[in-house]
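Read the single chain below, which is given as structure tokens and is the form predicted on its own.
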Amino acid sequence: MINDIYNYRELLKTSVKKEIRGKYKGSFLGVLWSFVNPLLTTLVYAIVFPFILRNSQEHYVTFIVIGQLPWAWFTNTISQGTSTFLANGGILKKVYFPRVILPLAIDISGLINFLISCIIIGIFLFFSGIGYSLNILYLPIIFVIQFILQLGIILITGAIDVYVRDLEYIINFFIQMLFYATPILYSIDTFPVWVQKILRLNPMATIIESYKDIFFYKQSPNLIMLGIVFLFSIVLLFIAIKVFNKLEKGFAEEL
């Protein structure tokens, strides 16, 4: 698979550019919608939680932004990655290329958008007065772990969706539910210890917490929990490649 990706690296580059430019082609703001959407969502949360639900978190808007932007990368990647083979069914039946290029391009394009959105996080940190620390150097470790986790998920869900067309709807519903089990709008520390243990079964909880640690709290992330999520993501990716290679053989017939 690695050799295939290397041999078709130019196609991968083209696919990544297509994902970044093509999604908002023809719109006035273009790629900026990748950032406008989560920022508008953040604005809604910033109004609802502090004023209606009486949330007293200091610098709450910045707190949400730091969690919302990587979550947007996660949700967009899972949603698009799950349906990518069906969406490109016509091409898959006519032209041969490594099928893994499609989900990989979605994950990479999402990563590029997220890295650009880190500028937005930096702006919020500056104007809120929170500032920066050297713990930001942990950022590459965190987004690489998230990248691996997402790639493992969409290799499995994308391959299964070819055979079970309802899966993408199930996945979208599951993501909506998972949002509330991820510490984007709140801090896990506000819950009892037994609830914290349950919430941390969600790997995205540790990842979002890690972003908040390095940006918001200006401290090092929980490296033990991050290491566990990393090992989980590697195992998941290994299993995903096995599942993908097996199901890929029937793509042409199903599509």
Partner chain sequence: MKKRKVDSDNAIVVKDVSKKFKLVYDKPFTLKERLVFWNKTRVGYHDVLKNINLTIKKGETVALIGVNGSGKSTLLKLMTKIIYPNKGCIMINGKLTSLLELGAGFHPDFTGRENIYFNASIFGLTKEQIDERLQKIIDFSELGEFVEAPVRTYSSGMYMRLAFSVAINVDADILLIDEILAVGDQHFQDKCYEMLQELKKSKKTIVIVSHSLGQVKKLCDRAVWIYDGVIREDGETSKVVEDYMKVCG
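Values in this document were obtained by computation on a predicted structure and should not be read as measured data. Residue numbers count along the first chain shown, from 1.
FYI, the form predicted in complex with its partner chain isn't displayed, but the following is about it.
Participant: Establish, in the model of the complex, whether 7, 92 and 96 all lie within 4.5 Å of its partner chain, using non-hydrogen atoms for the distance.
Facilitator: All three within 4.5 Å in the model of the complex.
Participant: Does residue 234 reach its partner chain in the model of the complex if we count a contact as any heavy atom within 4.5 Å?
Facilitator: Residue 234 lies outside the contact set for its partner chain.
Participant: Find out whether any non-hydrogen atom of residue 239 is located within 4.5 angstroms of its partner chain in the model of the complex, and reply yes or no.
Facilitator: Heavy-atom contact with its partner chain at 4.5 Å: absent for residue 239.
Participant: So, residue 179 and its partner chain: in the model of the complex, are they within 4.5 Å at any heavy atom pair?
Facilitator: Taking the distances in the model of the complex, the answer for residue 179 is no, it never comes within 4.5 Å of its partner chain.
Participant: Taking any heavy atom pair closer than or equal to 4.5 Å as contact, tell me whether residue 163 reaches its partner chain in the model of the complex.
Facilitator: Residue-level check for residue 163: yes, a contact with its partner chain.
Participant: Under a 4.5 angstroms heavy atom criterion, identify the one residue in 170, 144, 123, 115 near its partner chain in the model of the complex.
Facilitator: Filtering the options by heavy-atom distance leaves 170.
Participant: Where, among 126-134, 67-75, 97-105, 149-157, do residues come within 4.5 Å of its partner chain in the model of the complex by heavy atom distance?
Facilitator: Among the candidates, contact is made by 97-105.
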